[in-house]
Ligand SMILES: C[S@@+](CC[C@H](N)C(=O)[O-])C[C@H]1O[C@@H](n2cnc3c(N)ncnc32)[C@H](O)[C@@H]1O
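Just the one chain here, laid out as structure tokens, in the form predicted on its own.
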Amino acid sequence: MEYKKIKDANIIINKSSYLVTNPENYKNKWHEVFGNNNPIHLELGMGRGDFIINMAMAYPKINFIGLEISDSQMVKAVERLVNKKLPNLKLINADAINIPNIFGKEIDTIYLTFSEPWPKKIDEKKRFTHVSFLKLYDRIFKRHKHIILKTDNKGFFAYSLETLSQYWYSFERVSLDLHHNEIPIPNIMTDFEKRYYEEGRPIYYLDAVFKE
């Protein structure tokens, strides 16, 4: 997906107290960064930050980290955080493929919210639910492996159901239309999700745990 480039985006985000620069220095030390032993939840591809910021506001006893490769996208999150005090939130500007260099076995939950679906077969390995990424997640999950995914892309959702099940994940919840589910599922919307909801698109959802 193409995003508008923002001039001096890197300089802007680096001024934010929420951004963790040189995150590799804190591998196995993230509880020290937050100053507590609360669970740590990680969103890969946080975009403009609507989801991770609102999650941090809603659940103060959970530590949240938003990771995003695009500094231009992260600018929007940094702007939203001006004058906000969220000690349970940190941001990282990095490629998701580098997460084993950033975290030890410290993560309790991973969120994949409207990830790039990479529909072409040649790009399959870039999908966040490709087996190569699932193996990376193994290296950073603390104990139990827990992935929550939301997408508007039916093909990516079907692919994710298949790859996760083949990797021995089981599904606590699955919805083919999150906002019209028979049993309501607690949900905080992303920026994209708000737009898609207004357009009437179904939102696909899964909550997966690894079979021990």
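All values derive from a computational prediction rather than experimental measurement. Position 1 is the first residue in the sequence shown; the rest follow in order.
Beyond what is shown, the protein has a form predicted in complex with the ligand; the following relates to that form.
Of the residues given (L161, M57, I69, V174), I69 alone sits with a heavy atom within 4.5 Å of the ligand in the predicted complex. In terms of contact with the ligand in the predicted complex, the residue from L134, I110, A96, I102 that brings a heavy atom within 4.5 Å is A96. Partner proximity in the predicted complex, defined as non-hydrogen atoms within 4.5 angstroms of the ligand, places exactly one of 200 to 208, 6 to 14, 184 to 192, 20 to 28 at the interface: 184 to 192. Taking the partner from elsewhere, every residue among G45, F114 and F128 has a non-hydrogen atom within 4.5 angstroms of the ligand in the predicted complex. In the predicted complex, the ligand lies within 4.5 Å of some heavy atom of Q73.
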